[in-house]
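As a starting point, one isolated chain is supplied in structure tokens, in the form predicted on its own.
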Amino acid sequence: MLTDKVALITGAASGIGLAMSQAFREAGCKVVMADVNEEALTREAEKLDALAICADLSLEVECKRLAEVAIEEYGGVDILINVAGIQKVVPIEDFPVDTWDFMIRLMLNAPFYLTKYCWPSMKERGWGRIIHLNSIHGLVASEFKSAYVTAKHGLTGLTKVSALEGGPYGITVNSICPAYVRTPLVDKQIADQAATHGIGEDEVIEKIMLQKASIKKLLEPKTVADVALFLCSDSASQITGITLPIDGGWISA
């Protein structure tokens, strides 16, 4: 069903974005991989025979260029998956203003810009799938993550509004809201927390990161990618505007 569909995936050089790129390539898509890390992006795109576009998505002009290059290369974009993001854990009073601005641009503005610039080609084709890699923090909050939680809550709103607007044109828009996923970034956080608290890494996962979840196990990137594939399938054609938690029971607590 996804054979020859064009999938544009951001944050694609590693972690969840790379898992998305692998999964959608295996499903038969023409994949456009975008990331700011040019070396890693080029290496991984070559493995998948995908188109690599290095872009700083914190800039509107770069988001526009990314969409335009993908559309020029393949004639349109069918699937947009917004993954690119970063994390910063700092109390509000100490949070650097320039870091706040950067995180909002990257994790909220960029998904809006890319949605805006890919929308006409989806509308023209009468079919489109937009998936925002949101977070459990698009549904709940944790202390010291003001910019991250704000961006993700904004993404929840963008999902709902664009789903309403996209329905008449065959465009569905959904957010996937995972708890902690085993990525290089999270592995580093685990190691840092273990050193800070003087406990083992398994204890960090169980007692700190996933304290509120009933299933004390990190998600794998492939699990998130499999959910994205489902949301792009015919079986999910009437699922739109949702923020789907994959949280091990976190928000049920």
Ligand SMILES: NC(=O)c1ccc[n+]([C@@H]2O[C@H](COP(=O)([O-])OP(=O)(O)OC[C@H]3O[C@@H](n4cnc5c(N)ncnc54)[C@H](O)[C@@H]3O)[C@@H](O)[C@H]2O)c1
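So that there is no doubt, residue numbering starts at 1 and follows the sequence shown. The model shown is predicted, which means the values in this text are computed figures rather than measured ones.
What follows is about the form predicted together with the named molecule, which we do not show.
- Put simply, of 92, 161, 89, 86 only one has a heavy atom within 4.5 Å of the named molecule in the model of the complex, and it is 86.
- Only one of the listed residues (27, 204, 186, 52) places a non-hydrogen atom within 4.5 angstroms of the named molecule in the model of the complex, and that residue is 186.
- Each of 14, 56 and 106 places at least one heavy atom within 4.5 Å of the named molecule in the model of the complex.
- None of 73 to 81, 166 to 174, 116 to 124, 98 to 106 except one has non-hydrogen atoms within 4.5 angstroms of the named molecule in the model of the complex; the exception is 98 to 106.
- Although the partner is absent here, residue 130 lies well away from the named molecule in the model of the complex, with no heavy atom inside 4.5 Å.
- Contact annotation for residue 194: none of its heavy atoms lies within 4.5 Å of the named molecule in the model of the complex.
- The named molecule is not shown here, but in the model of the complex it comes within 4.5 Å of a heavy atom of residue 37.
- The named molecule in the model of the complex is not approached by residue 112, whose heavy atoms all lie more than 4.5 angstroms from it.
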